[in-house]
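Quick setup: the structure tokens below cover two forms of a single protein chain, split into structure 1 and structure 2.
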Structure 1
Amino acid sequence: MNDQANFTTRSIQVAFLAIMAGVWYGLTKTGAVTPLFLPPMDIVYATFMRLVQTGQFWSAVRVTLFTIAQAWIIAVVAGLLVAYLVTRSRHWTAVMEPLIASTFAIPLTLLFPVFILFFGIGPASKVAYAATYGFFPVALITIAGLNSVDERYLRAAKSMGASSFDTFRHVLFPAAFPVILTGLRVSFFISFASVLGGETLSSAAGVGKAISLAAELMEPARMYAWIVFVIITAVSLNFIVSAIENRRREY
């Protein structure tokens, strides 16, 4: 039953992408949109194939992927640590959870110039920016997951003499892991989007910088080649992460 549901979901997602590609093809084929705004798909594809044969492409991809990985790891470690410390006390949970949620509601894009000011236009500012943004879903969802664990499990662990850390390791974390996994997934894609957005706004290298540079030079085919690459990468990663998440929840 789950396999059938997953197949249906994936089919709808693939159909949506196919429809979008069809609309793109139709708009350019009929001349409804000028090539300056939306180049034909075959030209974008040819541009992309030329692009992947250059060192510039792989250099930009390496910078962006490494930046995303750094930001996400920092966000995960910080989010899990803060969630663990906050949920050790109901009082601290009641105090800190609304504060973290309220801070997350602030558009951190407004503070991006501050990250540039402190860390420069290199990858460090994007790491700090994306890690900060990615921290919140990990912390908030982990707090919610840990607080949703059945109290009977905690009392049973305590009655058997388990320490606070042992209770977290053997009871709280395993029970809340399916929920925590959602936080990790959301954090990853927020980090992904934040790094690319930061690179587009101000950067010396990376995929986002390549997109903004192509726009500045009025090279729409190159710009769309990069954009399509990012979309395909994001969709592929989402499929992979979703499959891992679903597989983990089956066990």
Structure 2
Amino acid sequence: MNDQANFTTRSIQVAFLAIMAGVWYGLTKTGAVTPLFLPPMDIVYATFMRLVQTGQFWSAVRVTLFTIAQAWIIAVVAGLLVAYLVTRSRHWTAVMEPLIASTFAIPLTLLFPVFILFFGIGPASKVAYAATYGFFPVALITIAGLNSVDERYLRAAKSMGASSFDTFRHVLFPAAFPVILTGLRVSFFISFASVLGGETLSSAAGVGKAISLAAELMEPARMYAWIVFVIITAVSLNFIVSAIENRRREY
């Protein structure tokens, strides 16, 4: 019974993808949509295969990956550090947590022109922009994680004579670790999207730039090739990460 239900839902999901592909095919082949908006699938595929063989494809990917990595590392280090410092006292947690949370509710994209002003249109402005965006989830989720550790564990550790650092090292950190990992994941995907966004808005290189350039030069096949590439990459990454998380949860 269960298998059958699974089969039905899977079929619907496959059917959805098939319909999307069918619509794409139908629209382009009947000429309902001009290839300027939506080029036929086979042309996009051929463009992609040609693109992969060029050096510019890999250099764009390399720039973007390197930018993401830098931004993410900065975001994680800064976020963990701030969360650690803020949760040292209840008072400072109460002062800073709402401040950080409400800053994150403002579209930080507004700061993008400032980063362009400071760092120019090279990768540095994208690193700064994505690190800023990526910092908040790490800090907020880690603060929440450290604060939600069961107080009984802390009292138990204290009763056994643990120092403040011992308590952090052996109780707070391990107890909050799964939550902290969530923060790192969220931060990664936000950094990822922010770098691509920054590159799309204003950049000299990278995948985002390649997409906006293709649009500007009216090369829709190339633009779609890039878009499909990014979508597949993002969805696969998501899939892998949630598979890892599900496995971790089983243990």
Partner chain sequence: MTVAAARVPAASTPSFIGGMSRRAKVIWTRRLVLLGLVVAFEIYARFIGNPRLFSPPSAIVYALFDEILVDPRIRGAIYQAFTEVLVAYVMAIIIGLVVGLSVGWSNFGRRSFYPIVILLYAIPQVILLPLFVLTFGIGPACKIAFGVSHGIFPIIVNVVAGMRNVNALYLRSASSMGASNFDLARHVYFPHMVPSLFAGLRLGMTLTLLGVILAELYVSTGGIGYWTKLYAETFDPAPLFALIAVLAVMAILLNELVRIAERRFTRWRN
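Small disclaimer: the values here were computed from a predicted structure and weren't measured. For the two forms, the rigid core is made up of the largest set of C-alpha atoms that agree within 1.5 Å on superposition. Every residue number counts along structure 1's sequence, beginning with 1.
Structure 2, not structure 1, is the form predicted together with the partner chain.
Annotation for Ile231: C-alpha shift under 2 angstroms between structure 1 and structure 2, rigid core superposed. A C-alpha shift of 3.3 Å is found for Met20 between structure 1 and structure 2, based on superposition of the rigid core.
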